[in-house]
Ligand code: DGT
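Only one chain is given next, in C-alpha cells, and it is the form predicted on its own.
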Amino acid sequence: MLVHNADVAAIFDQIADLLEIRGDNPFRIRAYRNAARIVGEWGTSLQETVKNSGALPRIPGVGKDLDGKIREILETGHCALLDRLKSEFPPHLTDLLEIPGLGPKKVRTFYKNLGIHDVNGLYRALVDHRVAGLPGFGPHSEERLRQSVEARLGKVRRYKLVTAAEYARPILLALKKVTGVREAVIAGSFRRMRDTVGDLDVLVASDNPGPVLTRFVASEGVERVLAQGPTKSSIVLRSGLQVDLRVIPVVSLGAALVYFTGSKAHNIALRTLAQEKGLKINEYGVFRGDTPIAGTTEESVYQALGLSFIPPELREDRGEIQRAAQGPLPPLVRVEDLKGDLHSHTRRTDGKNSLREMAEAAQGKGFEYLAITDHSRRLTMVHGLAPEDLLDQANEIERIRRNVPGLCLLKGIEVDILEDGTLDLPDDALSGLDVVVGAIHSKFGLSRSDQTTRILRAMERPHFNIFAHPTGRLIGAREPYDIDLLRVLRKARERHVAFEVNAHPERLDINEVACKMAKDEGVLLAIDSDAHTTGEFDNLRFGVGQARRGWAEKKDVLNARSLEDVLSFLGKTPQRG
C-alpha cells in the first residue's frame, strides 16, 4: 500500500482536530499539529526510507509515541487512535473545519451548545440567528460566517500545491517508465502554479496509448476509476484528489501543453487571435485550413500566432498576450536566482532544528546568506525572544558563523506588530540586528482603516526591513485581513521596506495580484521560506511560483541579490563566516 507523507500528516491533523474538539491536553494537541506540519513537508518519502533502510529517519519534534504511530500509518494506512476518536463524534463534524475562520474550539462550541454536527446544520443555525448568542459571536461575526458557509457549500474541494505535488510525483515517475513515453507532465493549474488545485491533469506524449492507460489506472492509491477510453482516463485517489490522464501524439506535444495548461481565459484569447489570423488552434496543433503549421513545441504554437513564448505562470489573460505580441516577455525570476533566505526559525522558538543545523542546511543549498528570525516575546506560546535572549542568540550566531564557510548568518527577528502599530521590541534591541521582519499574528479582524493604520505606523519605526506574510492569509483556513494594500505598498516604497512572498504552502502570501502591484509600485519582494525545519527550504519553489505569476523578475527580488547588495538595502556592512 502506497502511503504518502501527506497522508500521515492528514491523519495527525485529524487527530489534533478531534482532540481539541474533545477538549484534550493542549500540549498533546500541539505535538500532533507540529508532527503533521513536519511530516507533511519532509523532503523524502518516509515509506520509501523505511522500506530501504528499515528505520525511520530522526524527525525533529517527533517522540517515541508519534514515531510508533507514523510506522503504524505507513504499514496499514490507518491509525487506531484516529478510528477511536472518530467513533466519539458525528461523522461529518470535522467538515466544519474546512470553513475559513472556524477552528476546533468554535466547532466544539457549536457542537456542545447547539448540537450542530455538519455544515448544513450550521447554515440552518446561522439563518435562524442562533449563533449570534454564543460566546464570542455577535450579529456581524454571524453574518460573516454565514457568507463563508454559503461559499463553502458551493465550492469544489481544492488542494494545496505541496499536497498535489506529492501525489503527482509517483504517478509521473511510473508513467515515464512506460515504453514509448516521450514526456509526462502535470498540466492545468498545477503547472501554472496556482496556490491551490482542484484536480490534476496529466499529459503524456506517446504514440502507443494502451500501455500508458493500463499503468495509470493501476497506480497505487487509486480508490476508483471514473472513466477509461482509448486515449484518456480519470481516477480518484484515496485522498479524494481526481487525476485525469490524456495521451497525445508526440507530434502534438506543444499544442497539447498549451491547451491543457490553460487557463480557460488564456485559451479563449488564443483562439480569438487565431481566428483573426485565419487559423485554427486546438490540442493537436495550429492549422491553416487542414494543414498543420505548428504544435510540436509550445514555442512553435505561440510563434505561429505572432507571439513570443508565454511562461505557464502568466497564462491567465491578464495582459500577457498583448505583451507577447510586442516582443519577448521579461525573464521571470527562477529558484536558482535566489542567493539566500531572509526568514527562518530555530528551536529557540517554534522551529524544530538548531541554529547550526539550519545554517548547515542553508550552506548545503548553496545559499550565500541566511537570516535567523525567531519570534519576538509577544508570542509567549512559542517562547518568543526578549531583548536579552536576542543578545544571547547573536553571540551564538557569531560562534557558528565562523564554522560555516561560504555562508553569512544574519542576525534577525520576526517582531510582532501590535494592535496600535508599535513593535513588540524596543528600537535599541532592534538596532543591533541585521534584519527586522515585521509581522501580524493577532487582531486579524480589525477594520480596514484600523488595520491599515496599524501597518503604516509600524513601518515608521527606524528598524523595519521586511513586512512578512503581508495579508495574513492561511489557505483554506483564514481569509486575508482587510487592508488598503496600495497605501501600504506606497508606504513600503517610501520607507525602504520589502514585501515578503512567504513560500510556506499554508500561506503563499502575498498572492500574484499583490506581487504584481508591488512590482508596479517599485517595492522589492523577498521570497522567503519561513522555514521551521531544514527541509522547508525546499518550499521556496512555491514562493517563486507566486512571484512569477506576479510577473516578478530577478531584479524585483531582494534575496536574488548578492550579500553586499542585500546588506546595502538593510543599511548594514558585510560580516562573512
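In this text, residue numbers run from 1 along the sequence as written. Just so it is clear, the model here is predicted, and its values are computed rather than measured.
Below, we turn to the form predicted together with the ligand, even though it does not appear here.
Site annotation in the model of the complex: the residue of 295, 188, 470, 384 reaching within 4.5 Å of the ligand with a heavy atom is 188. This chain is drawn without the ligand; in the model of the complex, the residue among 311, 198, 121, 476 with a heavy atom within 4.5 Å of it is 198. Contact between residue 343 and the ligand in the model of the complex is not found at the 4.5 Å heavy atom cutoff. Of the heavy atoms in residue 259, some are within 4.5 Å of the ligand in the model of the complex. Using a 4.5 Å cutoff between non-hydrogen atoms, residue 264 counts as a contact of the ligand in the model of the complex. Remark: residue 192 counts among the residues lining the ligand in the model of the complex, judged by a heavy atom distance of 4.5 Å or less. The stretch in contact with the ligand in the model of the complex, judged by heavy atoms within 4.5 Å, is 198-206, chosen from 173-181, 198-206, 144-152, 303-311.
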